[in-house]
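A single chain, nothing else alongside it, follows as structure tokens in the form predicted on its own.
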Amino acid sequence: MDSITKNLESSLQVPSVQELALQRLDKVPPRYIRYSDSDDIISTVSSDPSLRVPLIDMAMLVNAATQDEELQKLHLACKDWGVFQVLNHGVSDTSLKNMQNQVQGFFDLPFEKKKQWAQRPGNLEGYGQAFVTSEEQKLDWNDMIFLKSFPIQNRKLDLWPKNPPRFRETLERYSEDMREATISIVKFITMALGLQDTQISESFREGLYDIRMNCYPPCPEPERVVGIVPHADNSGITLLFDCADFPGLQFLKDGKWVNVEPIDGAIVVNIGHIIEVMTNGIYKAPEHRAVVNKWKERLSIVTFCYPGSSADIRPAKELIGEGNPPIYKNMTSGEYFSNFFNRKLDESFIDSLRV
């Protein structure tokens, strides 16, 4: 394993942002500052209705009378945005609320208690920060706990908090619910493309599921930091449950950052690079980031969903032909992840997958 791989598969220890926020600072420490006073990074979003993240109703996708129309909406959401909010996704309000309460309970623990589940050297899992690879690197304004959930043998249960007391069983149930929702959502995404092939959605039944729980504490200078730096996901799809009642997640659309307004009971779904490859670039993984609030803490629970390790990652055969050559390589799951962890840090990951 070379040094680049080690860098990307582990993270250096850095101060807890929650602990910094408790100090009631007037100024952000220099290592978190990414923008000068004159930069307007938190651009206001136009009230133009075309700049609202699309909303998809799964109840209309399963109903034969409304399915065609809703599939067309889903196709346009994936093609034009790469992100949508989904209602009636099958995950109960109880499951969402229970998970939110456990995550809140964990981040409300004193720092010394949370540290019991801290990341270890050479590993991204646990409580800390992701992808901090040098002492000079600018830092995001968030703390997180990152855990592998499926397959079960991937779980490092010694890093699954025992406090709050019901955290583990709640996360286990939530993971199962998210897996079922993923299989359904991917099935409809393939239908929206006109594919009859159920292999893609079924490959998510044996898939990899990683869960990242984020805490974005209040920040004295929110316009000078980011909660999470702009990026696209390397997943198949990503499901995000926003625990706040104010926007903090933004997607880049036509050169503008667009707020995702939280909708009660909705889950945010975005396309990852694996689906971008499988659709031969018809659906693209969108750039997104998190911004922070001066007065309020925000929590989010993010599930990264990947097909099983036996699935090949390649453009679907039905989507390539004489006038439509493959844009991306054929890869095994192992080759895909090897590409991700061994790429040059300044290289676009998706560009490294092109033919």
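In case it trips you up, residue 1 is the first one in the sequence shown, and so on. Since we're looking at a predicted model, the values are computed, not measured.
The form predicted together with a small molecule is left out here; the points below concern that form.
Just one of 230-238, 147-155, 94-102, 186-194 has heavy atoms within 4.5 Å of the small molecule in the model of the complex; which?
-> That would be stretch 230-238.
Practice prompt. Examine Tyr328 and determine whether its closest non-hydrogen atom to the small molecule in the model of the complex is within 4.5 angstroms.
Written response: Answer no; every heavy atom of Tyr328 is more than 4.5 Å from the small molecule in the model of the complex.
Does Leu249 reach the small molecule in the model of the complex, with heavy atoms at most 4.5 Å apart?
-> Yes - in the model of the complex, heavy atoms of Leu249 and the small molecule come within 4.5 Å of each other.
Might Ser201 be said to contact the small molecule in the model of the complex, defining contact as any heavy atom within 4.5 Å? Contact with the small molecule, no.
Contact flag, Tyr32 vs the small molecule in the model of the complex, heavy atom cut 4.5 Å:
No - in the model of the complex, heavy atoms of Tyr32 and the small molecule never come within 4.5 Å of each other.
I need to confirm a contact call. Of Val53, Ala290, Leu61, Ala311, which residue comes within 4.5 Å of the small molecule in the model of the complex, counting heavy atoms only? So the residue touching the small molecule in the model of the complex, by this definition, is Ala290.
**Contact residue in the model of the complex, chosen from Gln119, Thr279, Asn214, Gln85 - any heavy atom within 4.5 Å of the small molecule** = Filtering the options by heavy-atom distance leaves Asn214.
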